[in-house]
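Shown next as structure tokens: one chain only, the form predicted alone.
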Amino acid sequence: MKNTNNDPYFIDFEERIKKVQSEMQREKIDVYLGSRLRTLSWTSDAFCPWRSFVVIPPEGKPTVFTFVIDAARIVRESWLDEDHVRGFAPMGGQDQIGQIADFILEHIPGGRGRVGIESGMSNYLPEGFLTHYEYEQYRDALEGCDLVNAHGIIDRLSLVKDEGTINRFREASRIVDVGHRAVFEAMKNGGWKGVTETELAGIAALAMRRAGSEWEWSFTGGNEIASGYRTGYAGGACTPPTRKELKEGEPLLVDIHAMFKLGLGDHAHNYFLGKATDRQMWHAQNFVKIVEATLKTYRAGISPSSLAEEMMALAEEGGFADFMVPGFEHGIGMMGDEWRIGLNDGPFPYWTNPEHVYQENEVLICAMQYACPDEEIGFRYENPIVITKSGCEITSKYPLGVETL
């Protein structure tokens, strides 16, 4: 559906592109060649699962290049018209390198200039940086042009979210809450008995799809479900569901995901099945206590390191610091931008800067892992939050707690 300025999810993409072009001019970039999934989402407003590129000229609209079988859909679902979405195919003159290089040269007088590219590394699998082969091919096809790493332009401009984007996150979180309610309804009164982790993931997925979710967006197994000893891996933050049956006396982690207009929803809730020991409840109380404290601490002006220092001191005082992963968030943007927090300007290239100072209207996931694998127990909390001047807005409204079913 096309973007209109009379709905709460409106984003002014033309103005967004003008800001990119202004930064290009400042950095003396003649044409920007975007290849990252986050860049495609942020500039096109379309879901681009195939290898795709977006070319931003010095003025005017960008042009998306994608696999030919998907081009017509993107025309219908993005803000761009058919003149600005092109398909590539493995045929002479229609391959992506040749077609895109020729298009770039149309915007560079004399065939000599600076082309901004996106190069780097990430622990996020589908990041979309140029591959070595692609770089070599573009370098040869654009002989006479300098290829300059310029992804910082998009990263800076996309850091603080506009109202339309924030509203998309809010709606995605509402959908996630629908999924959690469906899971609870299915499991209450002993309904969890004989159910597998994969079945539980499906119950959540069906409810969220009915509520409007477009994708269980996580690349860690769709909806993440863990029970028993597998919750002790919560610190690894990757628990794709298995065929393991839920069993009495075990903890259960339900971490589910939704997508609405490329805005991402992510919330993790925790349970005990049937009963819980005093020791298990001690762990649960520790976890809830530090989540509550963390959510009260977030605000504009703090940094990941200052937050972690304060929260780990609380964990030390409570005697459970050994079970806490000393990180309390991961980044989030439009689809394709799941990991980065702030900018890639810290002591380790392409990782979060621990001294990044949060600004109003940044959106990130409050993501906390409590892991005790020796006792086969762990918990996770994830919830997109909007940073405000004096605190944070919690977008998923599902109640915090570790429930006994």
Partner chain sequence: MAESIKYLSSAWRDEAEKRLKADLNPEKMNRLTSSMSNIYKGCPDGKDRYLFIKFADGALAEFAVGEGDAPAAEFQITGDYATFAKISRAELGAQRALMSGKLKLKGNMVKALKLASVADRVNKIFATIPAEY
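Positions refer to the first chain, counted from 1. Bear in mind that the values here come from a model prediction, so they are computed numbers and not experimental data.
Keep in mind the form predicted together with the partner chain is missing from the figure; the text below concerns it.
Interface membership of residue 195, defined by any non-hydrogen atom within 4.5 Å of the partner chain in the predicted bound form, is ruled out. Interface membership of residue 87, defined by any non-hydrogen atom within 4.5 Å of the partner chain in the predicted bound form, is confirmed. None of the heavy atoms of residue 301 is located within 4.5 Å of the partner chain in the predicted bound form. Within 4.5 Å of any heavy atom of the partner chain in the predicted bound form lies no heavy atom of residue 343.
Of the candidate stretches 344-352, 29-37, 368-376, 63-71, only 63-71 has residues whose heavy atoms lie within 4.5 Å of the partner chain in the predicted bound form. Contact with the partner chain in the predicted bound form, judged by any heavy atom within 4.5 Å, is made by just one of 91, 313, 121, 125: 91. Put simply, of 83, 317, 185, 136 only one has a heavy atom within 4.5 Å of the partner chain in the predicted bound form, and it is 83. Within 4.5 angstroms of the partner chain in the predicted bound form, the stretch 103-123 places a non-hydrogen atom from 106 alone.
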